[in-house]
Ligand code: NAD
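Quick heads-up: it's one chain on its own, the form predicted alone, in C-alpha cells.
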C-alpha cells in the first residue's frame, strides 16, 4: 500500500518509522528538512510538496499541530486536495474541532476521496511503541480500508461515529486531561504549603479517591523531578481546551471547569512555558505561593 504522511515531528516521526518498518511504501512531507532526512534514511521517499505526496499515495495521513496547518497543507495549488487521486483515502490524525473535520471531509469528497478523522491518545511514547489509542470518525467501510495502517500505529481502535466524531471524543478526552492536570497542580501545591512531604502525599492519593491518570503520569516523572520537557506541550493543551470551549459554545453547553483550567494554562503560557510539558502548569502557582513540589 502506498502511504503518504505529512507531519513527521514528535508524533508523526515515530509513526512514520513504524510504517516503514512494517513494509509500507511511504512518502513523507514536512517543512523540517532534518526530519525528512531522518525518515529517508529509514527507507521513506521525500515529497517536494503535499500535492506531489498525494499524487503517489493511496492513503494520505496528516499529523499536525492545529487546523490552520492542516488547512494549509490540504488546500491551495500545492495542497493535498489539488493532487489527490480519485478513490484515495485521507486520514487526519491531528486534533481539530468536529466542524473542521466535517468541512475538510466535504472538500475531499468533492475530489472523489474518502475521509476519516482519527485523532490519537498515548503521547510520544505510544507513537514510538505503536500502542496509540485511535478514535476514528467515518463509515465502517472506510475504517476497514485503514485498519492495516491503524494496526501498525495503535493498540486500540475505536469506531466512534460519523466524520467529526473522532475529533469530538478527542476534545472531551483532552478537556478532562487539562482540567485534571490543573487540579493536580493546585492540590500538590496546597499539600506542600501545608507541610506535607510530596512523596507521602502522592502515595496516599494513589491509594485514595483522588487518584487520576494526570497524577500518575505527571507527578513523579515530571513535577517531583523538576523536569518539564514534553511530553505534551502546554501550547497544545491550551489549544485543545480552546477547541473544547468553542465546541461548547457551538452546542450551547457551558463548560465551567474548562474555562478555569484554560486560565491556568494561559498563565503558564504568559510565563514563557508554552513549549514545556503540561505538568509545568504548576510552576506559576508554585512561584505565587512560594513553594516547590519536588521529591
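Remember, predicted model here, so these are calculated numbers, not experimental data. Positions refer to the first chain, counted from 1.
Missing here is the form predicted in complex with nicotinamide-adenine-dinucleotide (NAD); even so, the following discussion is about that form.
Engineer: Scan 63, 28, 234, 54 and let me know which has any heavy atom within 4.5 Å of nicotinamide-adenine-dinucleotide (NAD) in the predicted complex.
Structural biologist: It is 63.
Engineer: So which of 124, 103, 190, 176 gets a non-hydrogen atom within 4.5 Å of nicotinamide-adenine-dinucleotide (NAD) in the predicted complex?
Structural biologist: Of the listed residues, the single hit is 124.
Engineer: Spot the stretch among 161 to 169, 147 to 155, 71 to 79, 196 to 204 with residues whose non-hydrogen atoms come within 4.5 Å of nicotinamide-adenine-dinucleotide (NAD) in the predicted complex.
Structural biologist: Only one stretch passes the 4.5 Å heavy-atom test: 71 to 79.
Engineer: Does residue 239 reach nicotinamide-adenine-dinucleotide (NAD) in the predicted complex, with heavy atoms at most 4.5 Å apart?
Structural biologist: Because a heavy atom of residue 239 falls inside 4.5 Å of nicotinamide-adenine-dinucleotide (NAD) in the predicted complex, the answer is yes.
Engineer: Is residue 6 close enough to touch nicotinamide-adenine-dinucleotide (NAD) in the predicted complex, meaning at least one heavy atom pair within 4.5 Å?
Structural biologist: Close contact exists here: in the predicted complex, residue 6 approaches nicotinamide-adenine-dinucleotide (NAD) to within 4.5 Å, heavy atoms only.
Engineer: I'd like to know whether residue 10 contacts nicotinamide-adenine-dinucleotide (NAD) in the predicted complex, with contact meaning heavy atoms within 4.5 angstroms.
Structural biologist: It does: once nicotinamide-adenine-dinucleotide (NAD) is placed as it appears in the predicted complex, residue 10 has a heavy atom within 4.5 Å of it.
Engineer: If you check in the predicted complex, is residue 120 within 4.5 Å of nicotinamide-adenine-dinucleotide (NAD), heavy atoms only?
Structural biologist: Because a heavy atom of residue 120 falls inside 4.5 Å of nicotinamide-adenine-dinucleotide (NAD) in the predicted complex, the answer is yes.
Engineer: Of 262 to 280, which residues get within 4.5 Å of nicotinamide-adenine-dinucleotide (NAD) in the predicted complex if you count heavy atoms?
Structural biologist: None of them.
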